[in-house]
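Have a look below at one chain only, the form predicted on its own, in structure tokens format.
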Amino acid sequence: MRKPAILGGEPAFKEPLHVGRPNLPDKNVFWKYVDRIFDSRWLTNNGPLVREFQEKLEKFLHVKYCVPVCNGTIALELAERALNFKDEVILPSYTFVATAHSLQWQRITPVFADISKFDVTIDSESIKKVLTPNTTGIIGVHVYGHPCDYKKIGSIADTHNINVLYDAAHSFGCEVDNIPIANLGRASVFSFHATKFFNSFEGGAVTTNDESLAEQIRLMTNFGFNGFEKDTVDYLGINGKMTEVSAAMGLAMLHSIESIRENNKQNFEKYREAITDIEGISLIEPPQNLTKHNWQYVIVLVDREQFGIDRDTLIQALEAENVLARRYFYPGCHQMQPYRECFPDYSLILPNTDIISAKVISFPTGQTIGQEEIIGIAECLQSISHNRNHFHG
């Protein structure tokens, strides 16, 4: 058994293996779209590529209306405003902080609910516990592409006459119970950031089957102008427009999406095979009702008692091997500012969030990772575990 690099051995990998290395399309396909931008001299303001991207997204996501925007955070803020969220909105603390910030930025109070320890999405019973007369909405987050319990959440929302928005940043191309994920709730929000399964360099979108809601969001993305060629402002808006070059990247990515999905699936299955016998390391599997997955995230939980060292010490040992794994998500939003200071007692009602966030590791995957790298990562885990007595974490 080789000696771990953190204990004086040679690193397993010469070059760092990163979480979140961008997936890329065929370069030649991308440049063909860029040529069209140069030919048209139309760089932004709802150009022809953005309109084409919108139409193809609606078809791919099987949703009536899609509004491409400049990034996923702006998409959240636009959807929240269009849904008339105010006062208090319930969401999981176990999410990227942008979900909470998008509310706080608009002076809406984020009210954190706990997650299910089985699928790490927002727990419906926890939602009920934090509901108040001031609750105006629920944001469910499909963490790692795992769908929220949309039936129970929908029932709660209907009972209390509030809207549900889904943060689907991890769920591009996913389906639950054979329902395309973009069809859940009043609206869904996607991120096309560089690190996502599907990217447009930077970008995002709001999807909905509600025509009036889609039109309202479109108005808001361009300062409230009633049409991009008119000088009439009909609504309070901001600049949320997607550029033509981002749309070009998105259109090119659509040509490669299925090959990326298949590569991710093969990586996930190889990780499952390679780490299955490592005591104290458990792979989070997708739920059975996830009928179409993008396999973008390889997430494990570290049991300190069984593995022999804690998660943070393992992260340090992996970094020495040039395996740059991440604690994703850690900590929960309730442990970050300004929420930690404003709501210091949240940990009392978020036990699963704290437990999972203290154990979670996200491993490298995507186009730049193959079977050989995965085998090497598993060997690093075995070596670190074998030498557990030499660690003091």
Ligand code: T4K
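If you're wondering where the values come from, they're calculated on a predicted model, not measured in any experiment. Residue numbers here begin at 1 and follow the sequence given.
Another form, the form predicted in complex with the ligand, is not on view; read the next lines as being about it.
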Inset, instruction - Using a 4.5 Å heavy atom cut-off, state whether Thr99 contacts the ligand in the model of the complex. - result: yes
Legend entry - Gly185, heavy atom within 4.5 angstroms of the ligand in the model of the complex: no
Legend entry - Partner proximity in the model of the complex: Arg326 to the ligand, non-hydrogen atom cutoff 4.5 Å: yes
Inset, instruction - Look up in the model of the complex whether Arg261 has a non-hydrogen atom within 4.5 angstroms of the ligand, and give yes or no. - result: no
Legend entry - Stretch from 326 to 334, 56 to 64, 349 to 357, 40 to 48 whose residues place a heavy atom within 4.5 Å of the ligand in the model of the complex: 326 to 334
Legend entry - Candidate from Thr95, Asn294, Asn267, Thr221 lying within 4.5 Å of the ligand in the model of the complex - any heavy atom: Thr95
Inset, instruction - Quick one: from Ala194, Ile162, Ala252, Ile238, grab the residue that has a heavy atom within 4.5 Å of the ligand in the model of the complex. - result: Ala194
Legend entry - Candidate site Val298, Arg388 and His390: all three near the ligand in the model of the complex by heavy atom within 4.5 Å: no
Inset, instruction - Counting only non-hydrogen atoms and a 4.5 Å cut-off, give the residues of 66 to 86 close to the ligand in the model of the complex. - result: Asn71, Gly72, Thr73, Leu76
